[in-house]
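Given next, in structure tokens, is a single chain: the form predicted on its own.
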């Protein structure tokens, strides 16, 4: 069998789009933890463990409901506020002191709802990677989410090697030049960013861009990836007629710009939430272009889903030591794997240190 899937904890992950979180409780599983999301009467988002402390009924399951700033369990009526504290129980006025569920740190930013998985004391909101185009009035965005029956690392590999566009996404975003053009890879260990760039000076214009920009003929096409392990991927895409390059100074008015964003959220060891968004700085009020880009990108995402779901069945059945060959196009994905492994090792080391410190304190107390 393949190696077990690990989660990077003490990290922020996207649990939902802000538009998904309403006064109806939404259930999501992030890094194996079941979470109930709801918007309180005051408009803030709460994220609680999706399990009533009484008989473990899911708070996201009907007939549980949001009442004001609380959620009421649909089984026996235990009522919790946004901090996870139980404020009412049936049949008695006294609420047991231990009646509470875990509340997750939550931040609503750039159209996403982020939750922190790990030690709440480490939940620094300034460490959440940004995708500002998704909430910027100067950009028009289409978005969605597709679940994968595959481990999250397969999606990371997929997004950091766009040469697959030529073969898997032909007729949508793929052209021969994507696979033929060499990449450059840059790894910023301190900032924890992997950058992969592919600049095509003379390429065919795929339908995704021809039908949305109106460009006819061949194009200059730039793909500049920034991946922020483990949770956010951005693709800065620049498209222009052949020979039209950015000016030395001033705005790049001769080109069309698309910001493609993927929030990669591990759900379980073999399932992943694939949040995707496409923001553009052109044809911003054109509803037909928005529909075309939404439908086209969703088709591309579903092609990835089909491929990765199949790949999961193959990888899961592999015996230990099965060879995996990598070549130049894989440098970005391999760099991401190394960075994620280092983050996982750091998390494990921190946990071990905390356990050792607790054990040492206990031993010292016993001696005294």
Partner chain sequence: MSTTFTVDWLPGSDVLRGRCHCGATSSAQDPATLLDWLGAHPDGHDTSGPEALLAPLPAGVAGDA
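Predicted model only: the values in this text are computed from it and were never measured. Numbering follows the first chain given and starts at 1.
Below: the form predicted together with the partner chain, not depicted.
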Would residue 334 count as a contact of the partner chain in the predicted complex, using a 4.5 angstroms cut-off between non-hydrogen atoms? yes
Are any of the heavy atoms in residue 281 no more than 4.5 Å from a heavy atom of the partner chain in the predicted complex? no
Decide whether residue 328 counts as a contact residue for the partner chain in the predicted complex under a heavy atom distance cut-off of 4.5 Å. yes
Check residue 190 for me: does it contact the partner chain in the predicted complex (non-hydrogen atoms, 4.5 angstroms)? yes
Just one of 116-124, 176-184, 216-224, 282-290 has residues with a heavy atom within 4.5 Å of the partner chain in the predicted complex, so point it out. 176-184
